[in-house]
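Two separate entries follow, structure 1 and structure 2, each one form of the same protein chain as structure tokens.
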Structure 1
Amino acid sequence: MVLDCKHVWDQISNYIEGEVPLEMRAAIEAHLAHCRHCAAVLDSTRNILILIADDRTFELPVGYSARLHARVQQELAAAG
């Protein structure tokens, strides 16, 4: 199986998930070994996903948890 770049991009998300069949995986890896662009697309995408999954990227508003539990407590008290 020989892939062009476009086919690799179409599979890149599933590839990252580890969800491509063996034969396709081998074809993608063969392509990546000689295509610098696709290798860089894969590396940059993976890198970006690691950064956005980091706990520091999205922080909760200050006091969110305290306000939430205060509201829950109010509701519990009201319901008796």
Structure 2
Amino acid sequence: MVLDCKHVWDQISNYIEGEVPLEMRAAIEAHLAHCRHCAAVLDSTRNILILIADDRTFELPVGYSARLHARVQQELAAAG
């Protein structure tokens, strides 16, 4: 099974949680081994989860959510 970036991004949360079948896990890991961009997405997602689990609270800058969603959509469009 060969995956492209969009497939990896679609499964990144499931991958982190260990909720993908073994074949999919192997395919994701093979992709991550040669795609620095997706490896960075994985690291960033893990970092976000660590921040969310942190008991401290902080406010996001105004417009952050909209910019984040726009960037994700831009990246998905470019990958697909």
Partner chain sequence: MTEETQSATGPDPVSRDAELIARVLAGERELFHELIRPYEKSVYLAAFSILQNQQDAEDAAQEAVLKALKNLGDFRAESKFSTWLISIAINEARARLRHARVLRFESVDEPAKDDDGSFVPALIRDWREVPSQALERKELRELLQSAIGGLPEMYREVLLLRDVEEMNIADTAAALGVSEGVVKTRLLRARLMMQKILAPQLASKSSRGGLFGLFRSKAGGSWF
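Quick caveat: nothing in here was measured; it's all calculated off a predicted structure. Residue numbering: structure 1 sequence, from 1. In this text, the rigid core denotes the largest set of C-alpha atoms whose superposition between the two forms falls within 1.5 Å.
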item	value
Structure identified as the form predicted together with its partner chain	1
Per-residue C-alpha change between the two structures, Pro21, threshold 2 Å, rigid core fit	no
C-alpha of Asp10 moved at least 2 Å between the two structures on rigid core	no
Core superposition result - C-alpha of Phe58, shift between the two structures, Å	6.5
